[in-house]
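Consider the single chain below, provided in C-alpha cells and representing the form predicted alone.
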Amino acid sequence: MILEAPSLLMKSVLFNLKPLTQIIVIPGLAFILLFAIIVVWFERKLLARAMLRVGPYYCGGRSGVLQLIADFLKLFLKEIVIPQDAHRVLFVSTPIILPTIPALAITLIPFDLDWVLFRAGGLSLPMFFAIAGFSPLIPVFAGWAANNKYTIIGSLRTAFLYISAEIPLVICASAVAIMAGSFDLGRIVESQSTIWFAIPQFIGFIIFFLGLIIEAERTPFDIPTAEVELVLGWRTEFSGILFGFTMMAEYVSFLAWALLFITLYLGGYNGPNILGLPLYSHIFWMLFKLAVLVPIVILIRGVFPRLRMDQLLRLGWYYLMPLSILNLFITLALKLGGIF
C-alpha cells in the first residue's frame, strides 16, 4: 500500500493538470513547435549525409542548432514586404491561418484512450477530414491575394494537388472505419490491439502513406512550390515572419497527417507497457512510431525527383482512386465474411 502511494499521487496530479498539460505540452503547442524545430534540424543533417553535402555538417556548429536560431531571428527581424497590388488583409492573415488548421486537426488524435485534447462525440475521423478540408483553400486565397502570376499558378496547383489526393484518402479512411466499426479514432486504435490494420489493408496503407506526403506538399509532390518553374509558387511574395509561418505550416501539416496515418494503420498508441503507467507507455509508442516514420519520409525527398503536374494527376486519378475503391471492396468482403 505504501509503495502504491507515489504512483497514485502521480496519477492524481497528472489528471488534475490534464487539460492544461494537453493544451501546452502534448499534443498542444509545445509539442507542435518542438516537432517543427527538431524535424527542420534533422532533415538538414540527414539530407546532407544522403546527398554527400559537406556544408550542413559545419553550418551552425557541428550540431547545427545555432543555424536554427539564426534562421528564426532572420525571419523574425526581416522586413515584411507587401506587394503594392496585393489584398493586404488576406495577404497578412493567410500565412497565420495556414498552420492553425492542421494544428486544430492534431487535437483530435488520441495519444491514449483518455488523452485526447478534443473529443468529437465518436466522430473524430470525419471531423479530422472536415478540418483538413480547409487546407487547400488557404493557399488559393494566399496566391490570389499576392496578385502575382507565380503565386496564382502555384495556388491552382495546390487545389489540383489536394483534390487528387483527398478523395482516395477519404475512401481509405472509410475502409478503416468499416473494419473498426467506429468513426472514433480512439476506438479505431483499440480495435488494432491484436493486429495493425496495415496488414489486412495493405493497399490502403500504401495509398495513405503516399497521401500524407502529398498533403504535406513534400518531395516528390512539392509541385505547388516548384522553385525551377514558379520561383516558390504561392509562397513567392511572402517575406519575414509571414514566410516563416508558411514554412511552419508544411511541418505542422506533416505532423497531423503522420499522426493520423499511425492511428489508422500502425496501431496508434498500442504497444507493450514498458514505462509503468499505461499512459506514459502509450505516449512513448506514439512518439516512437512517429520517430520511425519521419526519417523515411525525409529520405524520399533525397531519393526521388519532383513529379510533373500531369504525372501527379495521373497517379491520383488513374491509380490511387481505383486502388482505394478496390481496398474498400476488400474490406467489405473481410467484414461480411466475419474475418474481422
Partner chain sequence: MSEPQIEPEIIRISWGPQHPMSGQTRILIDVDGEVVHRLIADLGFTHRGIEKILENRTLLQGLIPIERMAMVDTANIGLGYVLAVEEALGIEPPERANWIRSMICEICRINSHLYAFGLQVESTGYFPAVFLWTTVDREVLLDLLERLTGARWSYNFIIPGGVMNDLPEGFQDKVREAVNYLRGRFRQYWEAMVENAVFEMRCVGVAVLRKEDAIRLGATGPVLRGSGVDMDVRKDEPYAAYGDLDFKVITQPDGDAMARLKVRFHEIEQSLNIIEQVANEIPGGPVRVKIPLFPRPKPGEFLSRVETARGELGIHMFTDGGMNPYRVKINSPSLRNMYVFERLAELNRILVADIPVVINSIDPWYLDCDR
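Every value quoted in this text rests on a predicted model; they were computed, and no experiment measured them. Numbering follows the first chain given and starts at 1.
From this point on, the text means the form predicted in complex with the partner chain, which you will not see here.
Participant: Just to be sure I understand the contacts: of L277, I38, L66, M309, which is the one whose heavy atoms reach within 4.5 angstroms of the partner chain in the predicted complex?
Facilitator: That would be M309.
Participant: Would you mind picking the one in L77, I195, V228, V89 that has a heavy atom within 4.5 Å of the partner chain in the predicted complex?
Facilitator: That would be V228.
Participant: Report the stretch among 26 to 34, 282 to 290, 299 to 307, 268 to 276 that approaches the partner chain in the predicted complex to within 4.5 Å, counting heavy atoms only.
Facilitator: Of the options, only 299 to 307 has residues within 4.5 Å of the partner.
Participant: Any chance T219 has a heavy atom within 4.5 Å of the partner chain in the predicted complex?
Facilitator: Result yes; T219 sits at the interface with the partner chain in the predicted complex.
Participant: Contact with the partner chain in the predicted complex for K149, defined as at least one heavy atom pair within 4.5 Å: yes or no?
Facilitator: Taking the distances in the predicted complex, the answer for K149 is yes, it comes within 4.5 Å of the partner chain.
Participant: Since only the chain is shown here, I'm wondering whether L161 would be in contact with the partner chain in the predicted complex (any heavy atom pair within 4.5 Å).
Facilitator: No, no contact at 4.5 Å.
Participant: Should K45 be classed as touching the partner chain in the predicted complex when contacts are defined as heavy atoms within 4.5 Å?
Facilitator: No, K45 is distant from the partner.
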